[in-house]
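Presented below, as structure tokens, is a lone chain in the form predicted alone.
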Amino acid sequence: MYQAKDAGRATYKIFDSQMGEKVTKRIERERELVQAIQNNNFKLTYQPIVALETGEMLSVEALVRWHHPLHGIIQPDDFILIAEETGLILEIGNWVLAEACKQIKIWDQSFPQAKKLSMSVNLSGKQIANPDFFDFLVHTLEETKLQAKRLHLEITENTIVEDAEQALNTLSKISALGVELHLDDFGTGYSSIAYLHNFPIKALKIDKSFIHRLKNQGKGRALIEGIIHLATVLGLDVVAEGIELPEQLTLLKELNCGQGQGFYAAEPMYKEDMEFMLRKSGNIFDLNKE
């Protein structure tokens, strides 16, 4: 039944052995996720977000990794969807938020330049819909003594489309605290322009699929140029995701895209590697490397 629903309306699916194997694997993954939460088997990595003109690190995005005792490191794409569907994302997402806020305050004590950084954290639709989340957010900011303006919460259009009215209420309260809301994966959702008009968004993150199609001429360039122009008119910052090639960086700078992240600048790194980088090079990345 669920397979048929996922496939769209007016369709059907016949149960077979392959589907049975998927169900078994899913049930096992759910059980392992519950154990992972209980055993604290998650760790955060941090990917720098930099100013494209100067290479200065402006923010870091916290990205969760599941350290499985048997299968090693499991990437978010392999467990976040199940966590969303089962509701386990509430515990995982709240842990990520609290841990990220604690970590940046720890860096403040050891690295003076860290005090200029913001922390970006992905926010699940389940968290937005949860009536207790706002209080949890306030408690986390108070407990860690992190200034609200240094926290950026990233949302996607898909996380707010189910109940836009309720989401608007929650996000407006969050914005009133001083926390910035960034629209992630921009251009891949349903009605981006409407959300920019109605929701208290401070920045757009251009989805990496658009960056990967960026060429000197053609629709790819025109599309990104249009997004940047729209953001400029609305007074929004722009962050390009998934920058992997020097050619992409050059074109984005030509289009006056202010910020970016991706493997070309730095891959996601664990806190130890981030601290090594802060000690070695401060908060400047060489974006003119060969």
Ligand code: C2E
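Start at 1 and count along the sequence shown; that's the residue number. Computed from a predicted model, the values in this text were never measured in an experiment.
Beyond what is shown, the protein has a form predicted in complex with the ligand; the following relates to that form.
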Within 4.5 Å of the ligand in the predicted complex - does that hold for a heavy atom of every one of Pro76, Asp184 and Lys208? yes
Partner absent here, but in the predicted complex, which of 194-202, 117-125, 145-153, 215-223 has residues with a heavy atom within 4.5 Å of the ligand? 117-125
Which listed residue (Leu58, Val64, Ala231, Leu255) meets the criterion of a heavy atom within 4.5 Å of the ligand in the predicted complex? Val64
Between Ile80, Leu88, Ile104, Ala167, only one gets a heavy atom within 4.5 angstroms of the ligand in the predicted complex; which residue is that? Ile80
Residue contact check: Glu241 to the ligand in the predicted complex, 4.5 Å heavy atom: yes
Contact label in the predicted complex: Gln259 to the ligand, heavy atom within 4.5 Å: no
Interface membership of Val96, the ligand in the predicted complex, 4.5 Å heavy atom rule: yes
